[in-house]
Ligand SMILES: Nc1ncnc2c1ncn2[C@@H]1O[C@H](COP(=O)(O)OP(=O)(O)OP(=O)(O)O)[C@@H](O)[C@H]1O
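Heads up, the chain below is alone and in the form predicted alone; it's given as structure tokens.
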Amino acid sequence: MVKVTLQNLSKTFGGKTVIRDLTLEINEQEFFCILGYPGAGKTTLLRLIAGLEKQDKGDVYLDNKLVNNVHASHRDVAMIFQNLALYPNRTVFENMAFPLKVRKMPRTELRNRVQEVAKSLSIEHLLDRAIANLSGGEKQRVAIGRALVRRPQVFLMDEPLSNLDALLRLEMRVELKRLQRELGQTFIYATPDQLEAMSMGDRMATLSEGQLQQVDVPEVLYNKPKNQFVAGLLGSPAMNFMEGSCRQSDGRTLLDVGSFQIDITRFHKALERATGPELILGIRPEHIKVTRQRGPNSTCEVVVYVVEPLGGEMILHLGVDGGLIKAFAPPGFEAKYGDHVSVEFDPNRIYLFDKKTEEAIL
């Protein structure tokens, strides 16, 4: 269990900068998630930590030891790849034992180590079975087991659950979190799935085009996003965004979004940070109240375009000023395409972003 420190890392491939001046500290015994869309630089970042790629500039420290010139085979990290990289013509035991055989571990100790890890993953009954005859979830456990038997300082995981079905992904998220707690090891987990990152990570980093956007615990990133990118990355459904312009009227400051206006006078201190009158209004679907009749606090009337029944809840896609916003309908609410309904934005849960910089001002 070690602390991982990255200082001013940069990496370029073919003239394209994939990691940009990135500085990050990951604590020992931490389950740390790196969240970003495909192409954000997540895999490259893991490969730089593992030593599989050489950074153009910057430093990598493992437990305060500079490892820039330490070969990947001597960094004592284990990496689990998206494609699992198992040997299909070998048994589960042979796959798990392979990294120990390379290190010439005595046969008795090797067998005991593999059986111990297999038992912790509930795959001891599969040790003699060929990889080709396993299910996706069983293969996933074998890949994790092969990393565990090494007892490395750091575990690096590159989208390891992306090829599993939804139910199995949920099961494996719980399993990985349990394992990390029991092992007390440092896990660094890269994923494009914000549900995985938020449910598993003690802390998480958001990455966009190789640049670090925000690092914090999941609750802070969700409730206090630093910019529009982070706000839109987290949440299911994602946050709604609408362009607006500030104007003064009778001593009040109004945000004019087109079909409606919102009084933002009380946010005058925050508005001083804006570079101009053009702002982006953000609000999450769960903070929009949908009703049949327009009430005294209603924000505006909208048209129902799409209804998504999800069992215990329903998501409505609502037309506003030529665009769409999403909102959760209350239990028992009935709606169909073309219906006119009223929405009310929770005034205490709106977000304001500078249109030019995309930085949060509220």
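Don't overthink the numbering: it's just position in the shown sequence, from 1. What you are looking at is a predicted structure, and each value in this text was computed from that prediction instead of being measured.
Below, we refer to the form predicted in complex with the ligand, which is not included among the displayed structures.
Contact between residue 299 and the ligand in the predicted complex is not found at the 4.5 Å heavy atom cutoff.
Interface residue remark: residue 352 is not counted as part of the site for the ligand in the predicted complex, having no heavy atom within 4.5 Å.
Proximity of residue 245 to the ligand in the predicted complex: non-hydrogen atoms within 4.5 Å are absent; the residue sits far from the partner.
A residue is said to contact a partner when one of its heavy atoms sits within 4.5 Å of a partner heavy atom; residue 16 meets this definition for the ligand in the predicted complex. Interface residue among 120, 259, 82, 291 relative to the ligand in the predicted complex, by the heavy atom within 4.5 Å criterion: 82.
38 is the sole member of 309, 38, 331, 295 with a non-hydrogen atom within 4.5 Å of the ligand in the predicted complex. Note on the interface: of 39 to 47, 312 to 320, 333 to 341, 61 to 69, the segment with non-hydrogen atoms within 4.5 angstroms of the ligand in the predicted complex is 39 to 47. Residues of 135 to 171 placing a heavy atom within 4.5 Å of the ligand in the predicted complex: 159 alone.
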